[in-house]
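Consider the single chain below, provided in structure tokens and representing the form predicted alone.
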Amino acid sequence: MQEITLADFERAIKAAAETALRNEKYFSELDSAAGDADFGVSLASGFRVVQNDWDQLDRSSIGAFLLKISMIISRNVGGCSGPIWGTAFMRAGMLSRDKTSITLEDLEKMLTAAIEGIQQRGGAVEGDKTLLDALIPVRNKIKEYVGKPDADLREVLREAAAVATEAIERTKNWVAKRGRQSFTGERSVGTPDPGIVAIATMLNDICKAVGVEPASQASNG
């Protein structure tokens, strides 16, 4: 079984940061339809610090790296997004302490911990039209490959990006029940959730960063 290394996490976080900055305006425009139009700005503000502090980030282990990302996001991303995204990185980091490489089983457990942390922090569940409706299918897709010795990590990543992207249209006509969009009630119908779009776009961009052709494209480029 191939292992996922600290270097792989570095490439993924770097790609995610670039996604947040490149799509700052786009993500905020999505948020303006049924939110307060600051999601893109908030997310970019945190990942901008990640980029600026890149050379100083702790790389002694995957966990140390993710916990530092968690601290930066929690402190620099405004609104409800900071605690949610920060908690996700923290929970994942806590399960990878002292590890410089992990298996797919480890990754599935890290994502499960992140999902549970988000649920506890924000009270959302699957079906509430939040980023969980992208993250849970991603975790489930990865779980399908756990224990398969011939699993191809590149194909797992491509399929994870595909299910996250599919979640954008699948949830578009739902009524948001959590987050800023939930305050608008029926107005949230027909509007993609910015968090779902962000997760999908990041995964597609991570695919590109490691030379994997994504199944589809979620962002405006």
Partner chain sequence: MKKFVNDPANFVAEMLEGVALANPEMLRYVPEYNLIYRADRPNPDKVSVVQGSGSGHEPAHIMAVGPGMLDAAAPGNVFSAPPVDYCYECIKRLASPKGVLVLINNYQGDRMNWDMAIEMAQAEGINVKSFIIDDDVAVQDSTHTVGRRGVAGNFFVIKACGAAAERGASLDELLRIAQKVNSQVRTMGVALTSCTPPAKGKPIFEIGDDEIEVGVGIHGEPGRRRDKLKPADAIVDELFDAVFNDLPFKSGDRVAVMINGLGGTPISELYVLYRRAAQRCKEKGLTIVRNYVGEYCTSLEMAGASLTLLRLDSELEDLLAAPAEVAVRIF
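This one's a predicted model, so the numbers in the text were calculated from it and none came from an experiment. Positions refer to the first chain, counted from 1.
Keep in mind that the form predicted in complex with the partner chain is missing from the display, and what follows is about it.
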| query | finding |
| --- | --- |
| One stretch from 145-153, 88-96, 125-133, 101-109 that, in the predicted complex, holds residues within 4.5 Å of the partner chain by heavy atom | 88-96 |
| The unique member of 61, 191, 42, 70 whose heavy atoms fall within 4.5 Å of the partner chain in the predicted complex | 70 |
| Check all three, 75, 80 and 83, heavy atom within 4.5 Å of the partner chain in the predicted complex | yes |
| Partner contacts in the predicted complex for 110-127 (non-hydrogen atom within 4.5 angstroms of the partner chain) | 120, 121, 122 |
